[in-house]
Each structure stands twice: as C-alpha cells, then as structure tokens.
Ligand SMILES: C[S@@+](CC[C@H](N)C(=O)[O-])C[C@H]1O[C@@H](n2cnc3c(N)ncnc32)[C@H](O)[C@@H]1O
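In structure tokens, the next block holds one chain alone, the form predicted alone.
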C-alpha cells in the first residue's frame, strides 16, 4: 500500500517533470517498461486489430508501435508534459492527425461510447486510489465496444510475500491479521518481525522511485478478476514482468542475480511462480 497521500495535481506534475527524459530512464534495455512493451505487442498480435486507445499514453512508446502497425489509435494522459512528449514521438512517424487528449482516466469525455475495440492502460490505474477506481473502470467500460478488450498493467501485491522485508510484514498486517481475532495486533506484528532477518529493510527507500514521490498502490491478481467482473470485464489472460530471481535484498546486491532475473523476463511471464517473483503484471480482460 502506498504511504503517499493521493493528489492528482502532484501526480501530474511528477510526470510533467519526468517526461523529457522518460524514454531514456524507463524504456532502456533491461528496464521493466521495455519488457512490458514487448509483452503488450505480443498480446496485441493475438487480438483482432481494431481502433485502440492508449489511456495513460506516457511518452508514446506504445503509440509509436500502434502507428507503425497501422492501427487507428488515440491517446490520453493526465500529464500535459507526457502528452506533448507523445506528440513529439509521433510527429516523426506520420503526417496524419492522431487524437491526443490531456485527461484523467475517469474523464475521457472527448471519446464516444463504445469508440474503441481495445484500450490499453499500462501502469496507470495504480496511481488511482481504490476509492476512485470504480469511476475509472466505468469510464473504460463506456469506451470499449462489446467484445472489446482492456489491457491493463498493475503493481503486484503478492510480490510483497517474496521480499522478506518490511513490505512482507505490512502484507501480513493488512491482509492476514484482520482475520485473526486478537486484541493486541501490535504485539502480533512485533512477533512477525521477529521471524525475519530484515523486518525494517529497506530502511531508506529509493527517493527517486515514483512510489516514494507520488501515490501508487498494488493490486492482488487473485482478487482482480472478481473486481473487473463487476464492471463488465472478464479476465482472459495474465502475464508478469519485472522478475526477481531471489528476494530484492539478495538480487539487487548481485550482478549475477540481476542478470538471471532479466533472463526470466518474457519466457516465464505466464509461469505460476511469476505470481510471486515478479513485481508487476498485465491483465487482458474482454467486455462481456
């Protein structure tokens, strides 16, 4: 769970500032977004080609692919800076006008009901608090044709069970301890911490990471299908990326383990172990 308070303006400004160098930092070889993009390209090849919206288009790397492949497409993003970056990315590829809009996920008012066969929303919904996600899913459903598809990427809540650090303790506290009828919850947490070698690590989280600067939350892939069903979507595929061959406290300190983790990308995206070893996932859901 994010420790940051949700503030839409703060999120927009964060990505405005990141926009000029976003491709260099987030889509470089070996970066999670690069693997995500390859997975989404593969997913799209298995779907009927149709009008596609990139809702949360960022710097426009998916939009670049869509235009190159001849998709009728459009894009939107909360950040004006990111929309401008997408516009620059596309300006070198095509003379035709590609609709781009600055808007949050829950207010895509420039686009008509059922206007898209496919909607991609990659790593965007995690920046929306759970209290507001219903409006987001209703809007995405409004925009998607019957039989169309939503491709969405999320932070993986189950990964915290694999980290063996303070995030694991917090996962137990938030998801398991509420089921335990015990009056002294704080004491139970201390006992949990006593089972672990590094219950307070990382003591100084990376302040350059988005999760430590703006609100961002994780989603449980086991619970998500039932949630999406409420809004008219049926999950048909799930794949994982950003692998950790061993827990981060080991993996991040070892170049060999970092390379082994990269070697797991793509080819193990649908392995059951990925549900715990990968920190992010993509869900493909069909409108029913």
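Since the structure is predicted, the reported quantities are computational estimates derived from the model, not experimental observations. Numbering follows the first chain given and starts at 1.
The form predicted together with this ligand is left out here; the points below concern that form.
The stretch from 117-125, 144-152, 87-95, 178-186 that comes within 4.5 Å of this ligand in the model of the complex, counting heavy atoms only, is 117-125. Contact with this ligand in the model of the complex, defined as a heavy atom within 4.5 Å, holds for exactly one of 73, 78, 158, 100, namely 78. Against this ligand in the model of the complex, the set 11, 22 and 57 is in full contact: each member has a heavy atom within 4.5 Å. Although the partner is absent from this view, residue 104 contacts this ligand in the model of the complex, with a non-hydrogen atom inside 4.5 angstroms. Shown alone here, residue 52 lies farther than 4.5 Å from this ligand in the model of the complex, counting heavy atoms only. At a distance threshold of 4.5 angstroms between non-hydrogen atoms, residue 82 is in contact with this ligand in the model of the complex. Under a 4.5 angstroms non-hydrogen atom cutoff, this ligand in the model of the complex has residue 36 among its neighbouring residues. Along 5-28, residues 6, 11, 15, 22, 27 each place a heavy atom within 4.5 Å of this ligand in the model of the complex.
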